[in-house]
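Presented below, as structure tokens, is a lone chain in the form predicted alone.
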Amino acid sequence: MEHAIRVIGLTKKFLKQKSNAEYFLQPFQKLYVTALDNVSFDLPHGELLCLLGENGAGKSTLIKTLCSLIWPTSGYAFVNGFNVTRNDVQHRRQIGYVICDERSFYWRLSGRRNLQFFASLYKLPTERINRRIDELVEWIGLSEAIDQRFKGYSSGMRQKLAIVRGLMHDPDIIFMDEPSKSLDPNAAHNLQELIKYEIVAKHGKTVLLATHNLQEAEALNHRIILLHKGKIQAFGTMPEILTQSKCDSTYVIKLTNPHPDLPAKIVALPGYLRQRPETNSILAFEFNMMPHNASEIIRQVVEWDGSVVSCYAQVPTLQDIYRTFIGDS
């Protein structure tokens, strides 16, 4: 099977709750909110895809549609070859769904009892369930706490248990909806390492992960989808998205103890973009120029008695690329 996930023209519209004015002016007209607008993409097996977008971009709607929790208004989606609207029972056996909602667990039960209950819904034999629990909790680092009550778990432990629950039936494809939400930076980093190097690289799982955290998407990236108001703005690896964005690399030249008149001269140079904040004794200037122009700029600054500390290329970050597609909204 060539693709783990294939989405073709997926659209989802929700019936909008009318305001009093809309009920008065349009009493019989139905109003809709478009959560997904003609979304299409393919994801190969064994890859990690970050679904990146602000709150309300349509990330959770897309994941829930691919998990057969809601049905699309139009379009098609195939997960491991199964049409999610026609073969929902078969395709659910192929997927794991990791959600950060702690209310989906039973707080008075231990971690082990929770896992036994959810695994039984897949009609797995009891012997296999217990063996699988021991295997996964040791792998994920939850062995010491697995027999403790869930209500005593930390946020990181609860997230780990949610991942174990999603892996209990050994799915090929895993959907994660903001798995690092509410985690401290260290716990979030550990979770990212676990997803990237253990689940995907070592065990060959396919992961589609939704996040609104730019740093998380940049740390995890294999492939990235930039989603905005239900539409895909860009899709691909970081280099591919960089090419799509036409966001060029810039060059930063740093000077030490510059003459007071020097900044005004530098501003007039070709390709000048902006002055960057630095210490009192160092000024940094950013230029949009080709590599061969850097030496000419440096030569000119030196002629003006400028003392150049460094000159380096600055590759655009994901945040820079994100702003070119979506802006600051």
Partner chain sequence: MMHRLQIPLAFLKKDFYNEISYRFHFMIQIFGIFFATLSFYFLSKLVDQNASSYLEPYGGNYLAFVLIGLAFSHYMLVSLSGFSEAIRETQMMGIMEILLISQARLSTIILSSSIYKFLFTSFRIVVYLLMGALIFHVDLSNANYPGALFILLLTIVSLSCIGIISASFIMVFKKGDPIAWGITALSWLIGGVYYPISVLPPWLQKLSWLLPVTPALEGMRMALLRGYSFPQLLPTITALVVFSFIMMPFSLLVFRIAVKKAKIDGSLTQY
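Numbering follows the first chain given and starts at 1. The term rigid core refers to the maximal set of C-alpha atoms that superpose within 1.5 Å between the two forms. Here the structure is a predicted model, which means the values were calculated and not measured.
Beyond the structure shown, there is the form predicted in complex with the partner chain, which is absent from this document and is the topic of what follows.
*Asks:* Would you kindly say which of Trp139, Tyr197, Tyr76, Tyr122 lies with a heavy atom within 4.5 Å of the partner chain in the predicted bound form?
*Replies:* When the partner chain is considered in the predicted bound form, the option within 4.5 Å is Tyr122.
*Asks:* Heavy atom within 4.5 Å of the partner chain in the predicted bound form: which of Arg92, His222, Arg132, His212 fits that? Just give me the one.
*Replies:* Looking at Arg92, His222, Arg132, His212 one by one, just Arg92 meets the 4.5 Å heavy-atom criterion.
*Asks:* Quick one: find which of 197-205, 214-222, 122-130, 232-240 has residues within 4.5 Å of the partner chain in the predicted bound form by heavy atom distance.
*Replies:* Partner-contacting stretch among the options: 122-130.
*Asks:* Is Asn87 close enough to the partner chain in the predicted bound form to count, meaning some heavy atom within 4.5 Å?
*Replies:* It does: once the partner chain is placed as it appears in the predicted bound form, Asn87 has a heavy atom within 4.5 Å of it.
*Asks:* Even though the partner isn't displayed, in the predicted bound form is Thr34 close enough to the partner chain, meaning a heavy atom within 4.5 Å?
*Replies:* Judged by the heavy-atom cut-off of 4.5 Å, Thr34 is well away from the partner chain in the predicted bound form.
*Asks:* How about Leu269: is it within 4.5 Å of the partner chain in the predicted bound form, going by heavy atoms?
*Replies:* Outside the cut-off, so no.
*Asks:* Tell me, yes or no, whether Tyr153 is in contact with the partner chain in the predicted bound form, where a contact means a heavy atom of each within 4.5 Å.
*Replies:* Heavy-atom contact with the partner chain at 4.5 Å: absent for Tyr153.
*Asks:* What are the residues of 66-91, in order along the chain, with a heavy atom within 4.5 Å of the partner chain in the predicted bound form?
*Replies:* Those in contact are Cys67, Ser68, Leu69, Ile70, Trp71, Asn87, Val89, Gln90.
*Asks:* Taking the rigid core as the reference frame, is the Cα of Phe150 displaced by 2 Å or more between this form and the one not shown?
*Replies:* Yes, the C-alpha position differs by at least 2 Å between this form and the one not shown.
*Asks:* Answer yes if the Cα of Ile163 shifts by 2 angstroms or more between this form and the one not shown on a rigid-core superposition, and no otherwise.
*Replies:* Shift of 2 Å or more: yes.
*Asks:* Answer yes if the CA of Val89 moves 2 Å or more between this form and the one not shown after aligning the rigid core, and no otherwise.
*Replies:* The answer is yes, as the C-alpha of Val89 shifts between this form and the one not shown by 2 Å or more after core alignment.
*Asks:* Quick one: Pro72 and Asp88 C-alpha atoms, closer or farther in the predicted bound form compared with this form (3 angstroms or more)?
*Replies:* Compared with this form, Pro72 and Asp88 lie farther apart in the predicted bound form.
*Asks:* With a C-alpha distance change of 3 Å or more, do Cys100 and Ser60 lie closer or farther in the predicted bound form?
*Replies:* Nearer in the predicted bound form, by 3 Å or more.
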